[in-house]
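Consider the single chain below, provided in structure tokens and representing the form predicted alone.
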Amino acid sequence: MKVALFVTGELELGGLQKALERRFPGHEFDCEVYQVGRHGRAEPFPSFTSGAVSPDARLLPEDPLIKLAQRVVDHQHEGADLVLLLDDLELANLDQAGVVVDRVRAAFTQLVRDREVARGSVAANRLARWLRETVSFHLAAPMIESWLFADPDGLPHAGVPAARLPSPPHLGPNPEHVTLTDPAYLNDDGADCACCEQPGCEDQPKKSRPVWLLNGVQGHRERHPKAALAWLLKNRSEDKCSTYRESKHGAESLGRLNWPAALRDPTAMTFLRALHNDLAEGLGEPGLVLPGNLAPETMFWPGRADAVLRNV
């Protein structure tokens, strides 16, 4: 079967296709590109969860979510058997995954209504049926790097040297909630980073300072897998004080993801398991379904009466 992937990050764009091909051999996965940027570089779709998602905000044509949903709808006749959308939940939305999912449902419902106005009820019903049977929306909680912490080989595959690998007591049992609690990480103020010498790190713009120097709700370092991975690959002379690059280290590790190992704890990684098992069911591979808890917001629920997409 053929699966079209719509993703919102460079790591996913570079590694998700390979990860899924290794887990589901015999099926074809293709990452759709939002646009080709400068120097011919493929770019992922803009994320709509970079800040706290409001349940009441109007959905406008220029919103990233509407643009993403419209590109998915435009893909209706491209021949994919399944379509998978993946976005980071982000810490700002970690406690309101249901709100995020409701916004996705609202966006696609709006496009179905637009189709009815433009082409009539038959075309709208056809689109609605295609969405329910073909398209899934899933979340990486709080962001895609949590998957690399869940896989015992994920950090080495991302280039973290043996001397920097965290000990088990410092690793959270569920990277979707807590990633790294090492006091050295939690208390690192970046003072020894070359990028922070003039002036201090807190005065540097976000694009220049170390990723683990965070503010507001994003300041919960122990819950931020991207910041933790950047710290584990700390290098004081590098840009942002780290050698970590999503499109290189992150994509390499994601492409080698050991799915059963990452999902070995049946109580953890519920969003990742929901994605995995939804795909296994959709691809007709029930033998690959893994036991354990599933995120109720994004789990595949056959026969759900109010479904807008396959799983929401």
Partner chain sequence: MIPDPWTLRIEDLRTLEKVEWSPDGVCVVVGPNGSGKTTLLNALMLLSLVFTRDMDTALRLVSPAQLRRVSAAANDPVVLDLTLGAVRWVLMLPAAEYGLQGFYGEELYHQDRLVLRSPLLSQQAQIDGAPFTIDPDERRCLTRVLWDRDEPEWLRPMAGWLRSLRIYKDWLLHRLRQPWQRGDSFSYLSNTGDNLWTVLDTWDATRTYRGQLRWVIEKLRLAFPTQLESIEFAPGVRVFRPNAPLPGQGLPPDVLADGLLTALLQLTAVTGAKEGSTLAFDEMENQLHPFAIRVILGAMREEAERKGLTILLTTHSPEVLNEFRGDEERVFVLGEPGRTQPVALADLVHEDELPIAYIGERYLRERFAPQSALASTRR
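This is a predicted model, so every value here is computed, not measured. Numbering follows the first chain given and starts at 1.
The discussion below concerns the form predicted together with its partner chain, not included here.
In the model of the complex, no heavy atom of V53 sits within 4.5 Å of its partner chain.
Contact check for R71: a non-hydrogen atom falls within 4.5 Å of its partner chain in the model of the complex. Contact check for A194: no non-hydrogen atom falls within 4.5 Å of its partner chain in the model of the complex. In the model of the complex, Q35 approaches its partner chain with a heavy atom inside 4.5 Å. This chain is displayed without its partner chain, yet in the model of the complex the stretch 25-33 from 243-251, 272-280, 259-267, 25-33 comes within 4.5 Å of it by heavy atoms. For the options R105, R132, R126, H220, the one in contact with its partner chain in the model of the complex, meaning a heavy atom within 4.5 Å, is R126. Taking its partner chain as it sits in the model of the complex, the stretch 44-72 comes within 4.5 angstroms of it through a non-hydrogen atom at P61, K67, R71.
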